[in-house]
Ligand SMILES: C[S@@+](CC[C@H](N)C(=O)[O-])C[C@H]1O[C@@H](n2cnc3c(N)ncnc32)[C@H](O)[C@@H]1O
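The chain below stands alone and is given in structure tokens; this is the form predicted on its own.
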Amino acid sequence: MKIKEFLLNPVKFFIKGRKILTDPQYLDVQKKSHKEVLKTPSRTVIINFLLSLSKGDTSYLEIGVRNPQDNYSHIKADKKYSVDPGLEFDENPVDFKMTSDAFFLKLSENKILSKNIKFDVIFIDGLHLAPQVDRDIKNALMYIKDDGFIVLHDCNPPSEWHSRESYMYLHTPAKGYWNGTTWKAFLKWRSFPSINSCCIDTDWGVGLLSKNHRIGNPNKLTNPFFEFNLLEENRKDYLNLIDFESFKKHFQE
């Protein structure tokens, strides 16, 4: 009996694995990943466009750099600063080797840079979990210029698998692609009356928050529990999803 089971197990695993890999939902999620990878422009192009709107010297802060070649090294600003604890990139050639919480605390205590510093653009791409992103947004609002922008990556996860809480759960149709729950923090701040916001439909969703630029009216929050199925059904309205060319027209009128 044991020999028979031993011989049949590989066949059973093959049949079960084949069913999973050919499952319509599994294949659909993979197609969504592929489609998202092909979207343009990149977050780098969008950030550089926002910086180009400034009439004076520009100042830029990036939270969560990982490999600088992914984005930071290509940003065109007169002054720019980077923050990363170095958990994902051993070299970690950044200005401030610490968490964003530690950085903003030291900044408020006037121990680094200046507590009076203001940035044209603050890009948040650190830990992709809503509570952390929420804190990063709250802190960033204290150091953004009145006409500046807070930019967030990963605000438009194409499937629930992409928006899983744990990156390490890799045996999903989304595989190594991970947006986390950033979208929940973005959606929360979309409901603030004092904040204008939109999400550019590219590069996994580039969310923008602004105090004064009329880039999108606040959203009337109808999803207090931030359920993904409601995001899926109301994606355009919830995120104020917009293409980059339409976004640029706000500044050409």
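Because the structure is predicted, anything quoted here is derived from the model rather than measured. The first residue of the shown sequence is 1; numbering continues from there.
Separately, the form predicted in complex with the named molecule exists; it is not shown, and the next lines address it.
For the residues Ser159, Asn139, Thr99, Thr181, the 4.5 Å heavy atom test against the named molecule in the predicted complex is passed only by Thr99. Taking the partner from the other structure, the named molecule in the predicted complex has a heavy atom within 4.5 Å of a heavy atom of Arg66. Contact annotation for Asp84: at least one heavy atom lies within 4.5 Å of the named molecule in the predicted complex. Remark: Lys188 does not count among the residues lining the named molecule in the predicted complex, judged by a heavy atom distance of 4.5 Å or less. A residue is said to contact a partner when one of its heavy atoms sits within 4.5 Å of a partner heavy atom; Leu127 meets this definition for the named molecule in the predicted complex. Stretch 99-107 is the contacting one of 114-122, 169-177, 99-107, 139-147, since its residues have non-hydrogen atoms within 4.5 Å of the named molecule in the predicted complex. Three-residue candidate spot Arg43, Glu88 and Gln132; every residue lies within 4.5 angstroms of the named molecule in the predicted complex by at least one non-hydrogen atom.
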